[in-house]
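The chain that follows stands alone, in the form predicted on its own, written as C-alpha cells.
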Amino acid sequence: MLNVNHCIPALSAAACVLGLVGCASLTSPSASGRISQKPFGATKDGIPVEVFTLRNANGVEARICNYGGIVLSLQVPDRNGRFGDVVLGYDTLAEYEKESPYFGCLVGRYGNRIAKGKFKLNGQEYSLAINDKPNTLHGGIKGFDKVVWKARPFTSDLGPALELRYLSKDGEEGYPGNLDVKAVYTLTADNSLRLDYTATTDKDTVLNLTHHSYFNLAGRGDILNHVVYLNADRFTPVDSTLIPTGELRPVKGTPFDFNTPTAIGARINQDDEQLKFGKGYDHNWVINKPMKQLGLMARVTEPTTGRVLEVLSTEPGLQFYSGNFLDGKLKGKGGWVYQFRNAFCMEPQHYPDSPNQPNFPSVALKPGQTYQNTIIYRFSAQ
C-alpha cells in the first residue's frame, strides 16, 4: 500500500486544505511529474467541485475530479508516440450528474450486484435500495460515484497523487456502520494509474470497492478487435438477473476462456446462455492468484494503435464488461455518441452478491480492521 504519511505535499498547506473549494488554478511540478488544479463547476446542491490533473515525466496525463472520484480523461501514447484519450465520459459536471453509467468513477459501498437488495450480517437482515431491478447495483441510488469527496493533492515517492476521502454514515443506502474511506490515485513513472483504497468502520459491515472506467484503447469505435487475456480458469455464472448462481465454473471449452489472448468480438455473439444473460460479457472471473496478493489479472491489446492495458490488483475477482448497455442515447466528450460496445470495463472486485454466497470470499469488515485494496491500470505500447 502507498504510505501517504511519508509523502511530501506538492502544494502549499493552504492549498491542500481538505475540500479545496473555490481555489484558483495552481500547479506543482516535481522531478517525477506535476499536479494542477482548477474548478469544475458546482453540483446541483451548490457544492464546488475541482478537477486535478496528474502528469508524469513521460507526458501521460490523468484528469480526475472529486465528484465521484471520476477519471475524466486519460491521455496515453500509441506505438508512434501519439497521445490519445482512452476513457469515455463527459465534458461537464452537469452531464455526469444528469445520467452516467458509472463513467470512470469510484464504486461503493458495494461494487456490482446484491440479490434483491438484501443481505444478512450477524443474523440481522439489511435492506438496500433497488436500483437495478430486482437487485441493488454499485452502492445504490447515491453510491460513492455521486458524492463529493474531500481532496488533497500531493507528491508521493511513486509520482503525483490525489487523496480522496469520504465518510459514509451509518445507514447510508441501507449499509451499517460509519465507514471512513480513503482512495489515493497515483500516476507512476511506468505509466500506471494506481488506486489504493483503505477503509475502517465502527460497526460490522460489508464492503466491496472498485473502479469503473470505460476503456477504448483505439480512442473511438467499437472494442470488438481489442485482444484480451484473462488470468483465470474459472468464472461465476449468473442467472437472468446477473446474480451469481454460486458455482465456480471452468472456462475451458466456453466463450469465457481468455487464457489464450482472444479478440473480444471473436465469440461474443455465440449461442451461449451466459452471453445472452449479459448481452455479451458482463461477468466475474476468478483470478489465478492468492488472496490479497498483487498480481496480473488481465492484459488488453489494441492492434491498430499498439496500446496495451495491463490490470493488476489485490482483489480475488475481475468483472469484465463489454459495454453491452451503451445504446446510442448518451453523447459524450467532443460530441461522440456512445454506441453498443464502444468501450469495455475491467473492475477488480470481490465476487458479486458475496454477502449472500457463503462459499465466496468474505466481504465483511469489522471495527479494528482496515480494508485494503490496490488496483493498477498500466499502459504501454507494442
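Predicted model only: the values in this text are computed from it and were never measured. When you see a residue number, it is the position in the sequence shown, counting from 1.
Omitted from view is the form predicted together with alpha-D-galactopyranose, to which the following refers.
- The stretch from 179-187, 224-232, 151-159, 209-217 that comes within 4.5 Å of alpha-D-galactopyranose in the predicted bound form, counting heavy atoms only, is 209-217.
- Residue-level contacts in the predicted bound form: of F144, Y197, Y175, Y102, one residue has a heavy atom within 4.5 Å of alpha-D-galactopyranose, and it is Y102.
- Think of it this way: in the predicted bound form, alpha-D-galactopyranose has a heavy atom of just one of K289, R113, R249, R165 within 4.5 Å, and the residue is R113.
- Contact check at 4.5 Å (heavy atoms) against alpha-D-galactopyranose in the predicted bound form: all three of H138, Y321 and F325 pass.
- Although the partner is absent from this view, E310 stays clear of alpha-D-galactopyranose in the predicted bound form, with no non-hydrogen atom inside 4.5 angstroms.
- E347 belongs to the set of residues with a heavy atom inside 4.5 Å of alpha-D-galactopyranose in the predicted bound form.
- Mapping the unseen interface onto this chain, L93 falls outside it, with no heavy atom inside 4.5 Å of alpha-D-galactopyranose in the predicted bound form.
- Contact check for E97: no non-hydrogen atom falls within 4.5 Å of alpha-D-galactopyranose in the predicted bound form.
- Contacts with alpha-D-galactopyranose in the predicted bound form, taken as any heavy atom within 4.5 Å, map to no residue of 166-193.
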